[in-house]
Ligand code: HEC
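Take a look at this single chain in structure tokens; it is the form predicted alone.
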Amino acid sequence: MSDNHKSAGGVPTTGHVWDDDLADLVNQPPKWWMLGLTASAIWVVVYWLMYPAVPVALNGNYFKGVGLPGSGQWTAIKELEADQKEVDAVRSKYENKLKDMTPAAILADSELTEYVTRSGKVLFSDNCAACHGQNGAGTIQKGGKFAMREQGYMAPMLNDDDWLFGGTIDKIHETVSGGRQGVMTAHKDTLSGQQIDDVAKWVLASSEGNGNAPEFAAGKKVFASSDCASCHGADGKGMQAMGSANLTDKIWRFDGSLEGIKQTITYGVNVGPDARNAVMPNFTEAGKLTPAEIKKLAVYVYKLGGGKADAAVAAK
């Protein structure tokens, strides 16, 4: 360090000079820079007075700011409420209209359908996607681990045209509104192990179009003579009035492997600790969703792609 306090150009230095060439000068910053610094300091004070900032002891409370002229004290909640009022003002013409409309009437109004479908997507993500997957693609699960589609869904796919209880808009609304709980008898005490094995093989073969093959005749006989046919129908195609599955397609509510089918037949659905679980909650109870929100969800699910036209309406 040198004791020389003048640079080669005659500008004073702080006395810090390195290698006789590099000096720490004491030039003042540019005037524009100093003006900017001063303006920033003033703005900090103004901002601190306008809005809540660093907590300051004030009669046991904190300084809440004086707010903008004519607007009062600012809070995040007030800003949110103001923004919400703007959104509600835009939505009100649709919300007021759909209150007294049926889901079928909403579908008949293209503009209202567009609005309901968009808002229904948010409701679906918040209330339904955890089980049915985003966009109704279903949640595939086997033994607590995700698996292939043919191994069954934890919750049904909603964007195909396979429905347990019916896919018309009224049936979908009924399902969302009141929930569903499937029931299947456990056959562990009514069928022998051999009979369960035979009928499971027949069910699997039927899903592949081979149910009439001679090697599955024993299982077909068990199916027809037990209470299986009374729920799933003599042809195994299911009955929507009971929510019983179609056994002749490749869409499985649970594990569709031979062992998985045998487990379902043995322990049933929703009839004991070892049974398959198939419960959809009632969204009307406990005010989980409003009637308008349930209509939105019904229309959204219908518009996912698998909704079916009501035969009575289509005939007109």
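Numbering starts at 1 and runs along the sequence shown. These figures come from a predicted structure and were not determined experimentally.
Just so you know, the form predicted in complex with heme C exists too; it's not on screen, but the next bit is about it.
Proximity to heme C in the model of the complex holds for all of Cys131, Val279 and Val301, with the criterion being a heavy atom within 4.5 Å.
Heavy atoms within 4.5 Å of heme C in the model of the complex map, among the stretches 39 to 47, 23 to 31, 261 to 269, 61 to 69, onto 261 to 269 alone. Interface membership of Val116, defined by any non-hydrogen atom within 4.5 Å of heme C in the model of the complex, is ruled out. Proximity of Asp88 to heme C in the model of the complex: non-hydrogen atoms within 4.5 Å are absent; the residue sits far from the partner. Among residues of the shown chain, Trp74 is not one whose heavy atoms approach heme C to within 4.5 Å in the model of the complex. When heme C is considered in the model of the complex, Ile106 lies well away from it, no heavy atom lying within 4.5 Å. Between heme C and the residues Ala205, Leu112, Met242, Met101, the one pair within 4.5 Å by heavy atoms in the model of the complex involves Met242.
For the options Ala234, Ala82, Ala217, Val183, the one in contact with heme C in the model of the complex, meaning a heavy atom within 4.5 Å, is Val183.
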